[in-house]
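Shown below, as structure tokens, is a lone chain in the form predicted on its own; questions about how it binds or moves come after it.
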């Protein structure tokens, strides 16, 4: 079965090579055939691999490991490149290739006029290959290879418009911060190899004996050999990598700046797939986190603080893509909170539903930006529901899903996480239970803030009158263009009521709306694969049951606690929706606020400014001083001194080359005499 995974990996890699080498000479139809076709083939084989595990006994689906080739042999250590097919990797591959294919299709319309059309799809294919390698590799070493290649793909796509200084600066920032995480991952791998002599996920290593409580990187039996300090250091180093890749405090700063890339890039890499790699890594190595008494509470605390921190910033942003960027950071914090409660399947469940509705949100925002000629400022929008009806309805579904409103997908996955946190709090003793009560409270509060800032965004884009100075003309429309009477407000302050407004703003083409509709359907029904424990339907937990052989069973809570958690989160979500409707329902009106808390959140808590002042500027000053000292004195002076010495030696050597035979004969005679004297004296 795992041989199917080769056909998931190979097509996007071939697409990248073909488009990279020949794309400039190919017509656009051929470019799309290669780009779409390779990802479609990858998706079909990922779907086949997923279906091959359904209905299989858990003992038979635990792992199917096909070694492709042996990379290195050193004593007892054998490092091979193999592909791991199990429920976790199958689920991730289905999300990556499925959502990736929809975004590839959408990109054909969004990037239609870009001169780098072929280069864009080459990079996108490369990303799909790198991400599938990351989740299908059967050991940590080749996961690291995929991890690094995903970072490279992110760098290329964020900086795709390299003529723009902001895009290249954002790409460099993303690369540097991700390399910090890569360093943590490498240290964790080194420690695992040193203490357990393996980098495998628990299969085939000399110390890896299959345990009974699930399996992941190594096993419970082997991980118990680690000392207390090492057993804490390894998961924390792994989480450094997760925090960098999944934009958690304090390594989140790259993700909002990454919005400088094309919007489909934001949807694919920075919402649906790449940033969830950290969530996947925690789930894959969950045995290491579970066996350490302090690792999971630390993961939960950072996730909870990140969720609240990013939500407060999203409340104040005016760029629609940056609102979604901070929303992504917040939702990733939710996923880590779920995993910290021991419910790893809840984290993966929210990862899956988040891929649907966040990709839909970004693609919907991209449709608006495309229709407005590149405008991203919410103050320049409004009233677009009349001209972009498909985008309007699909965007509304995504907003309801992320806000946790039933029966949309986000309600079920978010409820799973909050219920797991409350269950964990009630099942623990000692001071750590208060941490989980606090995390549950943060999760409920963040649920309300999520609904508030998402409906603020929705109302700002689609409701009220058009506020922009962009493509709008007044006059009476033809009979087939008539719209209901509305108020039109431009930035110049003109208002006309009772007059038909004919927008030069139109719905995006079908190649862009079809993916929106498909993602809207998934955002509506995607939660039905999750847990229905809320209604005591304990047998209807298809995703949890599917992932259980890998991730173990999640803690089960009492039905009363589940209803309490669900009721609280739903009340806060509806409260956030109500506040947004009361304030922005008739259209977004921006007023400059002098409230210090608002200004603090609007300026993103001055994290970038503080980092520049405390870290970047001192390093730059040190570099300039070292440059002046070394280049002006030691290095330049030393190199000039060496050059002068060689110049003097060569000048002296040139004087010996006279061209006269008698001088050369004299030199030979002197040399012979000196040699004879040497042996006489020595003798």
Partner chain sequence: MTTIPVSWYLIVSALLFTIGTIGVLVRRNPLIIFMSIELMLNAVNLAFVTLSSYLDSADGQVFVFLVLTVAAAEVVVGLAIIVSIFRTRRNIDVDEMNLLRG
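Numbering follows the first chain given and starts at 1. Definition used throughout: the rigid core is the maximal C-alpha set that superposes within 1.5 Å between two forms. Note that this is a predicted model, so its numbers are computed, not measured.
The form predicted together with its partner chain exists for this protein as well; it is not shown, and the discussion that follows is about that form.
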Quick check on this chain: which one of 657, 639, 33, 617 has a heavy atom within 4.5 Å of its partner chain in the predicted bound form? 657
Taking 4.5 angstroms as the cut-off for heavy atoms, does residue 666 touch its partner chain in the predicted bound form? yes
Any idea which of 46-54, 617-625, 649-657, 33-41 reaches within 4.5 Å of its partner chain in the predicted bound form, heavy atoms considered? 649-657
For residue 37, is the C-alpha shift between this form and the one not shown 2 Å or more after core superposition? no
Core-aligned, is the CA shift for residue 672 between this form and the one not shown 2 angstroms or more? yes
Cα of residue 651 displaced 2 Å or more between this form and the one not shown, core superposed? yes
